[in-house]
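Here you get one chain, nothing else, as structure tokens; it is the form predicted alone.
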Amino acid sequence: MGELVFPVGFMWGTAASAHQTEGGNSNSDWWEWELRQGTPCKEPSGAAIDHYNRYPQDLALLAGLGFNTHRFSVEWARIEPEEGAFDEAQLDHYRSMVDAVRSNGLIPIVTLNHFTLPMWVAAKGGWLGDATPGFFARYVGRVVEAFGNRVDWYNPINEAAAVAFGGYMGAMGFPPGAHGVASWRRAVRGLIAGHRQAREAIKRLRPGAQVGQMHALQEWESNAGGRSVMEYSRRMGEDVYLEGSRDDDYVGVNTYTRTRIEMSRPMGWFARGALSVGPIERFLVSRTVDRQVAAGLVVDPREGIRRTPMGYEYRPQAIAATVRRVAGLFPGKPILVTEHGVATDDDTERVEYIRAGLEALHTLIGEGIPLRAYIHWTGFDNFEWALGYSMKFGLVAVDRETQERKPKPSARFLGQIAQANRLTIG
């Protein structure tokens, strides 16, 4: 038997988003999207897990398990339900929530936008609207002003790549459901501008606060023929956002899997050294919709590999690959694992996933990479966007009829690691 000891002050926690847990977020674009005919949503979020009302008990449960950090989002659609009209009662609610996080001995990491938009912002074009970055920065400033010195860690926008690709390229069943390269690229620019303006707003009010982006990254592989497509996919899905947050105080890494791209041979437009943007960008959509793509492009063709209910390769070690890549891009910058987890109905798989991920991450700490946190997605089984409640990512099971919470063995397992700040191996 041996032990892997983590650095003093290491942050251990779980992550959550407002829309996925609170319930009744009826002023947001996602609420309308879930209820609209013809969208790919399996079911509406409804009451979710009623975290809006049950957060005091939920936070006490997480703290009791042994965690010292909690990452969560506040809901723009509640705080600014109409353009320029801020709801003081909602700001008071989230202030009380932050106070409850702190009183339970948890460090709050606040995400200011986790996928959803107020209906009035969506009506003005969402992230395609030229004014949206400014609207967002104004809202961010109002929240940071209300929180005062209660919060030291902020994340303006969670997984901007998923928002742009999923909603404006039409690949993941996100609103507004656009299908076009031009919309996608415009949304990318809007989201990067929104992040930068929000960061400036936070720093004006709280110069000492730590501001960073949470990036959706994955481990990539390809054969020789597919390398150009892989590199283009990684650039448009990851690198443009990393470059856009180069001046952040830290980098948040969200990783779940590995993707492999194969081509039998480079197509003519590769062989000539001239990337044909259209086919590649159509490929980017199809890699989330279908595994087989026309014109010889194949996504993750491997047979017999272990997969999760999400269709992902079961690859907990992918988190180490993405953290290592980020460390190479930003030497010395603090890195937080802000999401790592697995959808499964078999909790022994979750324990295995956590253990393998932490073992791989500890190797990086030994190499001197400044890893500061491990935050698991998620604390409680919750609403998983277009997939509804079918995917179980939580450490704590929730009976949606009674709203009863029941910690799984994985919750005890990770909580004990957090409390001891070490993982027993062997």
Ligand code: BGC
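The first residue of the shown sequence is 1; numbering continues from there. In this text, all values refer to a predicted model and were calculated from it rather than measured experimentally.
The same protein has a further form, the form predicted together with beta-D-glucopyranose (BGC), not shown here; the description that follows concerns it.
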query	finding
4.5 angstroms heavy atom contact with beta-D-glucopyranose (BGC) in the predicted bound form for Glu75	no
Non-hydrogen atom contact Asn158 with beta-D-glucopyranose (BGC) in the predicted bound form at 4.5 angstroms	yes
Proximity of Phe393 to beta-D-glucopyranose (BGC) in the predicted bound form, heavy atoms at 4.5 Å	yes
is_contact(His114, beta-D-glucopyranose (BGC)) in the predicted bound form, heavy atom dist at most 4.5 Å	yes
Partner-facing stretch of 25 to 33, 361 to 369, 380 to 388, 52 to 60, counted where any non-hydrogen atom is within 4.5 angstroms of beta-D-glucopyranose (BGC) in the predicted bound form	380 to 388
Met119, Leu242, Met310, Leu91 - the one with a heavy atom within 4.5 Å of beta-D-glucopyranose (BGC) in the predicted bound form	Met310
Among the candidates Tyr168, Tyr154, Tyr256, Tyr353, the residue which, in the predicted bound form, approaches beta-D-glucopyranose (BGC) to within 4.5 Å (heavy atoms)	Tyr256
Contacts with beta-D-glucopyranose (BGC) in the predicted bound form, stretch 321 to 345 (heavy atom within 4.5 Å)	Glu339
